[in-house]
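Quick setup: one chain, the form predicted on its own, written in structure tokens, and binding and motion questions come after.
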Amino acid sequence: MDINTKKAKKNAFRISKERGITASRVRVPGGKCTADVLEQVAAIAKKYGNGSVHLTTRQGFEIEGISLDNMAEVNQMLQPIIEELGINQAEKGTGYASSGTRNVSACIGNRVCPFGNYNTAAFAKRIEEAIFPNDLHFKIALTGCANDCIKARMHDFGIIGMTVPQYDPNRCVSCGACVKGCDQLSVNALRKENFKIVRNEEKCVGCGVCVTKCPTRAWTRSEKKYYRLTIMGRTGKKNPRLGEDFLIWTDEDTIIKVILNTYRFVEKYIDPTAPGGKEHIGYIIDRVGFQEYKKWALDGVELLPETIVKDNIYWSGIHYR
């Protein structure tokens, strides 16, 4: 068999251990899809694969056991999935474009979870539309609240939902449930004072626990959505580390602009000798310096008055020599 492995990889097919056999990689932005998509994935697995589907850590599908001879047929069956998920595509009917930028991952968010402060899948889809396809190596994850179920701090960009708790003293019965909840489950930012509740604004992380614990709805979430943007988390072979806060109390527009600006930064400073033309953003920032990155990241960005910007970031982590 004449195997064009480069073509297969560019078409989001994995080169497997078995010669001539591949797996089709299917992006699912934000991890949200319909039952119809699941049925179509199953149909491909049964007709052209070995009947197995792997659910990836990035919330996509890998349809296993496909012959490389059947790539064109599989791409045709993938087309309705691509259209339903709204994936950007260079040419209709050609399947997925492989991308160094990985599938944007998200927890289930406020569609289901009572702790979620925003619709994670909707924001993930908005980011996906802005960045895909792109060959630069970016990993982005969104989580609905400070519980960070998606492990956002292990990604190049972690987006953590926040809310400014709104307090109505006329509905408060001074039961102390919010104070207890904040003490046990969050950062102890609430206290009782003259039978009312006082919030320490500097200490509050905007998690919304007080809202979930209040039995009288004296606490509610702010109508305006806020986010904590963490940057340069990573795993890998050398000095894995957790991402650090960059912007706190920021908005969606700012986050998207920062991510797009980071693509420009990487195109400017990426190591031209990097294997496969890919280099993790964090390694570039380590080499170039955070202040230079910050200049690029915030270029043309209008920050909210309430946004906190970190002056400098000092990463810690494991270092392998």
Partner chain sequence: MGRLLNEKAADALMERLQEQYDVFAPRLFPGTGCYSDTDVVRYGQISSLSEIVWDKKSEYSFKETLLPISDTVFYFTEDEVKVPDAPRKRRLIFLRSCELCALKRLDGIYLKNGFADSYYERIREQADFVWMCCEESFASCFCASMGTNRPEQYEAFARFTDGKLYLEAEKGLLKELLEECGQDGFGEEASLNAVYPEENQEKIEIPESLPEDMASHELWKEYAGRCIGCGRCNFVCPTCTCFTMQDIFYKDNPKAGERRRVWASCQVDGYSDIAGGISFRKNQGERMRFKVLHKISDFKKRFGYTMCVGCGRCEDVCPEYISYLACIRKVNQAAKEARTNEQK
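Numbering follows the first chain given and starts at 1. For clarity, every value in this text was computed on a predicted model and none was experimentally measured.
Beyond the structure shown, there is the form predicted in complex with the partner chain, which is absent from this document and is the topic of what follows.
Taken together, the three residues Ala152, Thr235 and Leu242 all stay farther than 4.5 Å from the partner chain in the predicted complex, as judged by their closest heavy atom. Mapping the unseen interface onto this chain, Pro215 counts among the residues with a heavy atom inside 4.5 Å of the partner chain in the predicted complex.
Taking the partner from elsewhere, Thr220 is found to have a heavy atom lying within 4.5 Å of the partner chain in the predicted complex. Put simply, Ile82 is far from the partner chain in the predicted complex: not one heavy atom of it is within 4.5 Å. The closest heavy atom approach of Cys172 to the partner chain in the predicted complex falls within 4.5 Å. Contact with the partner chain, judged by heavy atoms within 4.5 Å in the predicted complex, is confined among 86 to 94, 162 to 170, 133 to 141, 243 to 251 to 162 to 170. Proximity to the partner chain in the predicted complex, defined as a heavy atom within 4.5 Å, singles out one entry of Asn75, Asn110, Ser186, Ser99, which is Asn110. Proximity to the partner chain in the predicted complex, defined as a heavy atom within 4.5 Å, singles out one entry of Val211, Ile127, Leu229, Cys204, which is Val211. Of all the residues from 110 to 127, those having a non-hydrogen atom no more than 4.5 Å from the partner chain in the predicted complex are Asn110, Pro114, Gly116, Asn117, Tyr118.
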